[in-house]
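Next come structure tokens for two forms of one protein chain, structure 1 first, structure 2 second.
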Structure 1
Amino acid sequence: MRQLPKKGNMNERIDTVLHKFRSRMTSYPPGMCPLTLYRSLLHISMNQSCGKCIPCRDGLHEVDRLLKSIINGEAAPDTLSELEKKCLMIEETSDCAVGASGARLILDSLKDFSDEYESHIKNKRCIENTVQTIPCITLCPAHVDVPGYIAHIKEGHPEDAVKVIRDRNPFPTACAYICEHPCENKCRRSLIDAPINIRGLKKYAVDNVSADSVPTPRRNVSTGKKVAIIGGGPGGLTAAYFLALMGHKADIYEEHEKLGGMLRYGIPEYRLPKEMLDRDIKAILSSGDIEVFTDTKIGRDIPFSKLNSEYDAVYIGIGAQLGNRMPMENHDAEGVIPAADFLQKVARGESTDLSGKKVVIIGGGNVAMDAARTVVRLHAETVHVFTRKRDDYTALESELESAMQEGVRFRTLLSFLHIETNNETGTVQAVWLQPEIVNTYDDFGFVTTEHSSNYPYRFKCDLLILGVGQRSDSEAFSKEGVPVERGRILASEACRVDGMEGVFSGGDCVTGPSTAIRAIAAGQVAAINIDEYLGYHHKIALETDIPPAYPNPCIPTGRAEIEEKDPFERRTNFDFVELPMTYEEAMRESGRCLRCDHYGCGSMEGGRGDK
């Protein structure tokens, strides 16, 4: 007799367990040995084996034995060859995907972590003497003491929270509004329910105390040293802030009328009101001996060689503010504009009413989403975003969701072929798109595509915005001997420019387009290394104490999210879209913090992850 499965059967209960276990993967702590991770994943394949075929049933156990010997430092030099041969045999002879995928997992590790395997065999240890570190501090590029400022918020001291943030990041307000919050990615609270809303709590702090009303740390006595900062964006201002606190004179050369870089000219007003940005900048400029020269472009108004000879050190933080155009016919036609250029034009007040216009945007990053949502506020009739595949939508999920709510339409599996212009006026009138189909995955786990047999089709548009990346205006520096490759300045992880004494560089002009917090981190690193280059080793005091930690009962509790205004209201203007977190929400959310700076690895030597 046949029966339907019972509700709450074994398989359903296992699914519940697996759903809960997913959080253990997303919150896997930084600082772990990658080989132990691969062994844990191998055990999953071993447990899934049905036992029918010998390569899977017995072969994976042999692989596990070899991997364990490598991790424990007991393996011989020929163990790697033996491990690879066994995995290749299992992959080729297993009956099903359980054994083949388990073997492929280890084969991938042999390629991706060859240096780690070599260190375990030769030196009997991890390549970096790996230790677990506090996830939020480690993954914040600026290594801000996240548990410390959350503890101050819980105690009702937002001004002290700002001091803790500013100890590593002089942009507490700007980052509270627009940071991509990588600090939340592996939050250990995920083991219980969901990551702490770190950005939301930071925003609560700066919403309750103006950053420019919180005094900056006392500066050191003057050293008599002068440092030129080229670029007044987040990276340059960060370098100037820390150098000024150390006692050096910092002169900032900025080509625009106002300071802020892409925070001012690239982030729309509805995400970061410029009066809030000015609070951070005002505090930075009050920190010490900082002089600002706006409307001054190095290479046009002053040669780089002059600065290099007159200053004790130079920091180049010019960012990547020039939008890319695609190498095709009509890429510079009227009505075709890079997303970065479009946003800067709007920020300067040069925007036009787009009523009745059909707008197409190519690209799915954060800049493309900012452009799409800006176009909506300029009253465009329709806004369509096209990408080749879903993986091309690299913008934050919250940005994609907000854009959809505001009426932006998204299409994938379409590749961009060419631009059609009006024969008489030369303005863009359509784009041609080629339908795609999904194909195999690449080495990074992203799906590839190929052309579909369907014919290309024409899509009418009055404005085409290209969200396909940005580049630095580095040509003038290259002409004066600064090493540049493919538009990027060549500098080390210590922000030292290759082969140039006393010249440092960091941020987007070195790495390519990235985020504000990464530019801030580069400015911080550069300031510390410039200080040491000048012969000092200054320390900047944190003028507040971190509150004591108390045990957390670890009761599963919902995460307090940052709410936005109604889409139909916010799409009509450039007013700030987020609603403030309430006192009750902030207290409950800060109370969810597990204080990893005190409990677990955070209290051990090297466990903070802030170096």
Structure 2
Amino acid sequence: MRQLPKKGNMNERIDTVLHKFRSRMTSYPPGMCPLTLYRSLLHISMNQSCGKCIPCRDGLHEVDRLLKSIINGEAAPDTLSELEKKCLMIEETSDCAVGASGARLILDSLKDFSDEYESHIKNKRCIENTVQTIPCITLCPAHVDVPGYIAHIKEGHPEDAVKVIRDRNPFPTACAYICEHPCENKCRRSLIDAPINIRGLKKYAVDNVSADSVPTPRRNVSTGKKVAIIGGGPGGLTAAYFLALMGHKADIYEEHEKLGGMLRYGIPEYRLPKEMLDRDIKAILSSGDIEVFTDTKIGRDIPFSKLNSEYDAVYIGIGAQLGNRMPMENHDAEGVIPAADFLQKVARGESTDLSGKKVVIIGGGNVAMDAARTVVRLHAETVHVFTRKRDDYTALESELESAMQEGVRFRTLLSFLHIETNNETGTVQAVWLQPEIVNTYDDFGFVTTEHSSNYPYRFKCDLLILGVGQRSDSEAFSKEGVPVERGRILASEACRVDGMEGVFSGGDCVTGPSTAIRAIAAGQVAAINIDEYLGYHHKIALETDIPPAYPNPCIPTGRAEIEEKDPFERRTNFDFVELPMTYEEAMRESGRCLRCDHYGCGSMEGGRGDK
């Protein structure tokens, strides 16, 4: 007699373990020895061995024995070659992928972490990462004291929470609304249930106290030094904020009419209402001696060399605002526009009604999603997003989901062949799409595609938005001697521009298009290093104390998500889409925080991860 699997059979029961396994893996804290991690992976391979073949079932155990001796600092130098030989043997002789991939893992580690291996054998210690650090603080590029401000929220002090955030990041409001929250990725709370909704709590704080009503720290007496900040986006404003608090004079040169950079001209109103952004900017501008020159483009209105000679230091934070176009015929035809340009146009209020228009968007990143959802709100008849591969949907999962809810249509495995324009008007009237099939992975680990045998087809389109990346407007700087490679300014992790005294740079113009919080981190680092460059070590006061930590009962509790409004309502206007967190939600959510600043590694010297 045949039987269906028994209910509650071992495989099902194991699935619950695997769930725990996954959450363990996601909550692997920063500060691990990579070899111990590899050994865990090796153990997974050993567990997965069915026990049939000798190389896998017995050989992997031998590899484990060698790896363990290396990790424990007991191995001789020739253990490495023994390990490599064994792994090669296992990889080449395994019957299936379990053994071969297990051995391949270790072979990869020998290549990718040869320094770590060497350190274990020679020095009997790890090369770096010797101290584990608090996940949220470490992973926030600006190293905001997350447990600290959550504790304030829990205590009912949102203004103190704002102060704690500002200690590292002067955009508590903007980040509460749009931050990608890498701080949540490895939250230790995953060990119990799910990561804390850190952005949600931050938003609760700034929803309950207007950031511009919270005083910035007392500023230093004036130093008499002057720093030019090129670009009034999140990075430049952050640098200006901290420099001003340190007593320096910061002059901000902004190309646009208003400050905020991409936060204003890239992020649509429904995600970040401009009045909320203005609260942060208002607070920043009130922090010290900051002068703003809007509608002033360096390289057009003022030469860069002039600033460089007139100021004690310069920070270049010009971002990456120029939308890319594809190198193909008709790419600049009427009705074809890069997503960043389109969003800027709308943000400037030049929006047009798209009623009755078929809109096509190429690309699956966050900017493309912003464009798509904006198009929906401009009453377009249809909005289609086409990508070549599923991997091309790099936007946040929540952004994709919201776009789908709002009626954006998605198609994948279509490559973009060419743009068809109307012979008479020259405006776009269709795009041609080539069906693709997936192929092997490339050297970077991305899947490639090739043309399918299915025929290309024509897709009617009145507006074509290209969400295929942005670049910096760096040409003018390059001309004046700033080192630029492939459009990006060359600067170190300390934000010093290579070979230029007193010139600092950071954010998108150095890294390529990225997130606001990374630009903010760069602004912060640059400000501290400019201060140091100018010969100081100014401190910035945190004018609040972190509430004490209490033991957490660790009762598994759901994560309070931020909900959005009815999608059909959302798509009719540019109103902010998220619903606020209630008091009860915020209290429960902040109560889940495990206070890693107090418990565990956070109490150790160097264990906070904020350096």
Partner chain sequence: MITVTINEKICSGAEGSTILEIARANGIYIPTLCFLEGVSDIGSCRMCMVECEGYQMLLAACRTKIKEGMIIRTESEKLSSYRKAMLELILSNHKTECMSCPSNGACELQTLCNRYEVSHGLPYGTRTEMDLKLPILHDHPFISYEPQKCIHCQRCINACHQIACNGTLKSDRLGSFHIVNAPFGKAYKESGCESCGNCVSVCPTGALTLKKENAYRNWEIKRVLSTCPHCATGCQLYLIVKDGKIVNVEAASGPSNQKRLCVKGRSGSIDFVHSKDRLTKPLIKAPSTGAFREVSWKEAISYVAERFMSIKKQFGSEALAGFACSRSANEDIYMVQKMVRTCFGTNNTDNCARVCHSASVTGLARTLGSGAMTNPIGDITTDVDCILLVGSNPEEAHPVVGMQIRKAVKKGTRLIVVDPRDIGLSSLADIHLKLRPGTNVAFANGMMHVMIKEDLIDHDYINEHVEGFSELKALVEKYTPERVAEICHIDPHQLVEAARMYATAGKAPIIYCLGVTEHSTGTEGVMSMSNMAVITGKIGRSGCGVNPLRGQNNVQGACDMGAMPTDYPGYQKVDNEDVRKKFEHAWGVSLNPVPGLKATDVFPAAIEGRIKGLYICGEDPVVSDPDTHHIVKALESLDFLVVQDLFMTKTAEYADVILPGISYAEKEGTFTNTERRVQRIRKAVTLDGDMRPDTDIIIDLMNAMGYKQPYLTPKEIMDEIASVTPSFHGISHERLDRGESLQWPCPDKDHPGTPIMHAGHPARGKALLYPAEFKESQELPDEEYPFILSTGRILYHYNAAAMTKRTPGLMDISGEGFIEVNYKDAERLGIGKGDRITVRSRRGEITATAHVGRKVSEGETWMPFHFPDSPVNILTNAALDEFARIPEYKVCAIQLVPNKHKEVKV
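Between two forms, the rigid core is defined as the largest C-alpha subset superposing within 1.5 Å. Residue positions are counted from 1 along structure 1's sequence. The model shown is predicted, which means the values in this text are computed figures rather than measured ones.
- The form predicted on its own corresponds to structure 1, not structure 2.
- After superposing the rigid core, the Cα of residue 114 is displaced by 2 Å or more between structure 1 and structure 2.
- Comparing the forms between structure 1 and structure 2 on their rigid core, the Cα displacement of residue 443 reaches 2 Å or more.
- In this overlay on the rigid core, residue 123 has a C-alpha that sits 2 Å or more away from its partner position between structure 1 and structure 2.
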